[in-house]
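So this one's two forms of a single chain, laid out as structure tokens and tagged structure 1 and structure 2.
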Structure 1
């Protein structure tokens, strides 16, 4: 293992810190609705079959549970299975986070949301996007299983898959991870990138598998690159190479 102390990568560290912390904040979409929180459905028309528990709402549908509000053109909700399906310009809003998609399915009394069709999760200036976003509100776990992307004012991370584990303050991008920050002149790639926010004061980012980071023409490559965010230090494992380009 090579320890490269005081290497000048503050921009990279700051960018990754902001990037991955924002991953966590993005996922704080909706506080998990209490199991017994009533569900209110409003629409132009609603059909309800008490025997099956199936409810079909049409026209300006609005579903409210606690502080979470979902809207769409049409919705089905089963009061027995507590599963819902909204279609047509679906938007789910809770506090300052918004999830939009062509369709959203909800399971287990709205504690599991699956959005697809240009799914976008927005919080502040950050956006998590993918063709499909899954979110477990009880465990605060989020998954973008393919073509995942996080956009921020100063950078973007894309990966085949991104998972966020909110309580652990951890997020993982898997498969063709690519971090780009024009503002910081940073471009990094790896097979996998994981951010560990805990324990406090020892947060880090691990880029694994063919890791390569470029900033201002300086190139660091290795099998595994570890960015110790709080110490502003970087560790590298495996065959490592640092190429410094004179300014």
Structure 2
């Protein structure tokens, strides 16, 4: 039997949709559905225990809010603890943004989300990937705590850890940072790197700790390097070494 019901389950869905939209807003995503947009849940079976406040949907779960759709094999949400858990090839799609992961959990009154199991957030040509993606909805802060990677049209940044500060259009990679941009003929490494996307037209990356950047065959090393991406220029602070390769 297939049940299709409208259930007041806005929190977990809205939070996941917020993750989907807000994480990508680092690269200028559209707004999330309005909080009062109806949520529709369809599954082969939906059970609700009023005493415990636990709702369980199993079998081809499909959750829809506005133009956003989330699917998985199983979903649980506790209306009392306001914690949710979705499993089984979770996929959330909103406009041109897609989040996929093996599982997604919500905590702390749905202010903290954790997606893990090959978590991938794709928005247009940009992708944020890692074994796990965490997101704090109140501050729009995203964390990939290990084996993190951001892919953009003109390059990638990998690091042991990547933090994204969505409202500021800023991201920081920590530990074995490696930036590669074939379009800019740039290859850079450092202990830490921070990308600043604002103001537009003046984006830059600041490399700190054992920094080394190679562009057009020229090699710049130092403790702190600043790569002005739009101007295709580099600067350095502290003792620096530059090796110029004749063209």
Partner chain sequence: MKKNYLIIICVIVILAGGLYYLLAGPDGDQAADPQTPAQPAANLTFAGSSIIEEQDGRRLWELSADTIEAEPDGKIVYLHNLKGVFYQENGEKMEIIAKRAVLDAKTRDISMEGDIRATASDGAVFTAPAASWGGEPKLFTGTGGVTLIRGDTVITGDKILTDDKLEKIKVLGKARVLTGGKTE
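Positions refer to the first chain, counted from 1. Everything numeric in this text was worked out from a predicted model, so none of it was measured. Superpose the two forms; the largest set of C-alphas matching within 1.5 Å is the rigid core.
Of the two forms shown, structure 1 is the one predicted together with the partner chain, while structure 2 is not. Once you line up the core between structures 1 and 2, the Cα of residue 58 stays within less than 2 Å of where it was.
After superposing the rigid core, the C-alpha of residue 42 moves by 2 Å or more between structures 1 and 2. After superposing the rigid core, the Cα of residue 213 is displaced by less than 2 Å between structures 1 and 2. In the core-superposed comparison between structures 1 and 2, the CA atom of residue 69 travels 3.4 Å.
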